[in-house]
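This document opens with one chain alone, in structure tokens, the form predicted alone.
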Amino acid sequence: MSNKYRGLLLVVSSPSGAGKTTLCTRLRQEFAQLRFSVSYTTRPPRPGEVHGREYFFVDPADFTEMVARDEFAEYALVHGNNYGTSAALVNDALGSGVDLLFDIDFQGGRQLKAKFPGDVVLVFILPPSLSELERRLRSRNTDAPEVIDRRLRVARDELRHYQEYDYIIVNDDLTRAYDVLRSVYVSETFRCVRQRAAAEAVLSGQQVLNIGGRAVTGSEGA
């Protein structure tokens, strides 16, 4: 089935502990056409992580070579480790009408926005307060106190970049926050830049259908 819809690059960022992972997981579960962009990283895998599923795990030398070959659409140093997104993956997704979901920070989002200004939507998940963020981090009982302190320092720096984002969602209530994130995604898929082919199809006398949250011609939906 051909698909003339232009893909969307949805970047969701937040400080650790703000609920980003939970919200993004729900979004992917509801919308099968939204695929997770698997990044490359130099950090070692954590228990249960699988190469190619959570990340592509590479050593620092390989990562440096990929940077030299200009293979990344974006890359950044985060918490002492390198992370990067394949440029080929992004270009293929945009050309084939695939929506990609990115779990990256403001550095990566900034780079993607600069390279693909009409395709990137930046969403920042905001905790209701720094004290609530600290409570969530400490209640997880997964990190040492010094790690939590570092995450809180990083969170303050990340929050200072909120003006670079298109949308701000306060995660004070998970259901309410998800409803907003869902609305952002659905609305953005129907922007003119992504639905231009549907309008041209109607003008040419074709029938257009709304299938899976996007407009396609009757022949495409057959």
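Don't overthink the numbering: it's just position in the shown sequence, from 1. Quantities reported herein were computed from a predicted structural model and do not represent experimental measurements.
The discussion below concerns the form predicted in complex with a small molecule, not included here.
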Going by heavy atom distances of 4.5 angstroms or less, which of 78, 148, 94, 87 would be at the interface with the small molecule in the predicted bound form?
78
Option touching the small molecule, based on a heavy atom within 4.5 Å in the predicted bound form, out of 100, 104, 123, 120:
104
Spell out, yes or no, whether the shortest heavy atom distance between residue 55 and the small molecule in the predicted bound form is within 4.5 Å.
yes
Find out whether any non-hydrogen atom of residue 39 is located within 4.5 angstroms of the small molecule in the predicted bound form, and reply yes or no.
yes
Taking the shortest heavy atom distance, is residue 28 within 4.5 Å of the small molecule in the predicted bound form?
no
Should residue 182 be counted as a contact of the small molecule in the predicted bound form, where contact means heavy atoms within 4.5 Å?
no
